[in-house]
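For reference, the chain that follows is the form predicted on its own, supplied as C-alpha cells.
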Amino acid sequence: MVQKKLLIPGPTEVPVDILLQQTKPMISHRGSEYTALYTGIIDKVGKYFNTTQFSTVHTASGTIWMDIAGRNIVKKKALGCVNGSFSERMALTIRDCGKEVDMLNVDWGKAIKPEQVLERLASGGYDTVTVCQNETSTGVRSPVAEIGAAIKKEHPDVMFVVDAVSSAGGDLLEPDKLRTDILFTSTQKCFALPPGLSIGICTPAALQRAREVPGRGHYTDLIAIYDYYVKNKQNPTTPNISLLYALDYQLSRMIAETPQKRYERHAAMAEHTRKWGASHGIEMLPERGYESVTVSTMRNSLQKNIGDLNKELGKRGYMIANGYGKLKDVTFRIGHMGEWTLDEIKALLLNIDDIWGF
C-alpha cells in the first residue's frame, strides 16, 4: 500500500514529530500534571488567537460546537446563513436542538455578505446569527469581520457564532477583531493533528447568554465546562490526553511560526493553485475575491474523471478530494492546509499536469 500525502480538506497530513507526541505515558486527568498541561494549552490558544476570551478544548469533532450553539446560545430563534453543506449542517443542528431557525440561503459558490444579514435581521426576532467562515464544500471564504462589525453595530444583543473548522490556524482569524461571540474549530485541518479535538473561543456575553438558556445538555453544557475550568483548571469530562500532548506541541510550533506567517504560507499555496487552474482553463467555484486560503474548490471545467485522477495520484503517493455532496464530479478540491508548503503544492500540481497530459 502506497502511503498517500493527504491534500484534501481534512484530515490533513500529520508530521511524524506531532504523531510521536501521542506516545507519551498516560497521566491522570485529575492530577496536577494534567492541570499544567491543559492550562498551558489554553494559554497558548489565547496567545495564538490574540485574545483573553474564554477558550476551551473539547474531546469531540467540531460539530459538537453546532450543538453547543443550539443548546446554549440560541434562546428562541436563529438566522442560519447557508452557502454550502457545512453552513447548512449548523442551521439544521440548531433546529435539531429544538430551536427555531430561518435560513439565509445564497447560491453555493457565493459568500455571505453583511448587507444580506442586516436585511434579514431587520425583520426582528433573531437572537443568534451563524456563519461558516470557510465553507469546505465550496471553498468560499465569507467576510466575517465585516459581518461581525455590522451585526454588533446594528444589533448588539444578537450573538454571532462562526464555524472556522477548516480555516483557523491557517487563515488569519482573531476573535476580538471579528466580533464573534463563539468561534470554533477542529484540530484535524489547519492544526495538522489527528481528528478528535475541537477548540471553542467564547466571549463573556456568550457565557452570560448560556446561563440564561435552559436545557444545555450535559456534554454540551458550556457553563459546566466554564465553571469547572474556573474552579479546577481542567475539563469536567474525560479528555483525550494523548491528543492534547500533540496539540500542546503543535501550538508551540504555530506560535513560533506566527499567525501572520502561517497565513502568508497558506495564502501563497492558494494563490499558486488558482493560477495553475487558470493556466489550464480551470475555473474556480467561489466568486472572485472570496476564495478560501486553505482549500481550493475548482470547477471540473475540462470534464475530467476525478475518480480516475485520484487513482493515478494514489499510485504516486498523493490524494485530493472530489466535490462534496451535490458538487461531486462537478468540482474537485485541493486542500492546502496545515504543514504543507508551496513547494509541495507545486509537486502535486506537476503530477496532475503529467497525468492529464498538460
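Position 1 is the first residue in the sequence shown; the rest follow in order. All values derive from a computational prediction rather than experimental measurement.
The next section is about a form of this same protein that is not shown, the form predicted in complex with a small molecule.
Chemist: Which pick from 95, 152, 89, 113 sits with a heavy atom within 4.5 Å of the small molecule in the predicted bound form?
Modeler: That would be 89.
Chemist: Counting any non-hydrogen atom inside 4.5 Å, which residue from 246, 165, 129, 201 sits next to the small molecule in the predicted bound form?
Modeler: Spelling it out, the residue with a heavy atom inside the cut-off is 165.
Chemist: Using heavy atoms and a 4.5 Å limit, would one call residue 61 a contact residue for the small molecule in the predicted bound form?
Modeler: Because a heavy atom of residue 61 falls inside 4.5 Å of the small molecule in the predicted bound form, the answer is yes.
Chemist: Any chance residue 188 has a heavy atom within 4.5 Å of the small molecule in the predicted bound form?
Modeler: Yes, contact at 4.5 Å.
Chemist: Even though the partner isn't displayed, in the predicted bound form is residue 320 close enough to the small molecule, meaning a heavy atom within 4.5 Å?
Modeler: No, residue 320 sits far enough from the small molecule in the predicted bound form that none of its heavy atoms falls within 4.5 Å.
Chemist: Residue 273 near the small molecule in the predicted bound form, any heavy atom under 4.5 Å?
Modeler: No, no contact at 4.5 Å.
Chemist: Thinking of the small molecule in the predicted bound form, which stretch from 225-233, 188-196, 238-246, 265-273 has heavy atoms inside 4.5 Å of it?
Modeler: Single hit among the candidates: 188-196.
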